[in-house]
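This document opens with one chain alone, in structure tokens, the form predicted on its own.
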């Protein structure tokens, strides 16, 4: 088998605040294979987006800092890159689709000019050649070419999100991170956009990291899933195995709220309690205060990694023995 395209090892990302240090990404490890769609799911504030920003090298721009770990892209540790070296990777090797398409574009310039600029940034082409390539991208997106002259505020959220996808593939990246890409879209066009992402993956042979709080989106799109809670990965596995036979209590609770098998709007029992503040990272299971099966070990010691076959694993004391 080929080595993974991306391998994250023991990554820790922190934010310093007046109240103390926020451990937003706390010692997580996972890998993404070539041409696969890898899902990251969890509640808001669990560290999903900060994981993506860490991989893309954006954390310094938002007041965060990688304090430990490695992010290996084809064996190259991205955490060691200089600003100049990052320009060779962003766009051409790794690209990111943000969750809010309105913030992905400068409102003062037409969307077409911004696509052209991106193409010129990642390819040694003239402006005329870049415009020709941009037109091809709009045709690929099934958006009328004349819409290149529109400003962001003149386009719908769905169209802007598709153009954001077009910007992401302008440099033919091998890894695309899509951070909650359907959040700002109407329910009627969410499915269309997810099908568009799948088409991108097939056409350019890219891998995708899909970040979402919606288990139904993850289940439809992904090959493997990592479940995050309070800055940590609590379970990872093949999508079918994890959904049909979850091991970690948090994963089970998350799936129960999704009500995947429901054919009508049944009452859904929410997960009791609230996620913890990320200042406290003492040796314990972070889910213990909300867990209905926790015992004394859960509130005193970090749970072990328990393999359960096929590359699936969970961090939970109740799985030991």
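Residue numbers count along the first chain shown, from 1. Model, not experiment: these values are computed from the prediction.
The following text describes the form predicted in complex with a small molecule, which does not appear among the structures shown.
For the candidate set 291, 32, 50, 66, a heavy atom within 4.5 Å of the small molecule in the predicted complex is found for exactly one residue, namely 50. Taking 70, 43, 27, 36 one by one, only a single residue has any non-hydrogen atom within 4.5 Å of the small molecule in the predicted complex, and it is 43. When the small molecule is considered in the predicted complex, residue 92 lies well away from it, no heavy atom lying within 4.5 Å. Taking non-hydrogen atoms only, residue 114 never approaches the small molecule to within 4.5 angstroms in the predicted complex. With a 4.5 Å cutoff on heavy atoms, residue 99 counts as touching the small molecule in the predicted complex.
Within this chain, residue 135 is remote from the site of the small molecule in the predicted complex, having no heavy atom within 4.5 Å.
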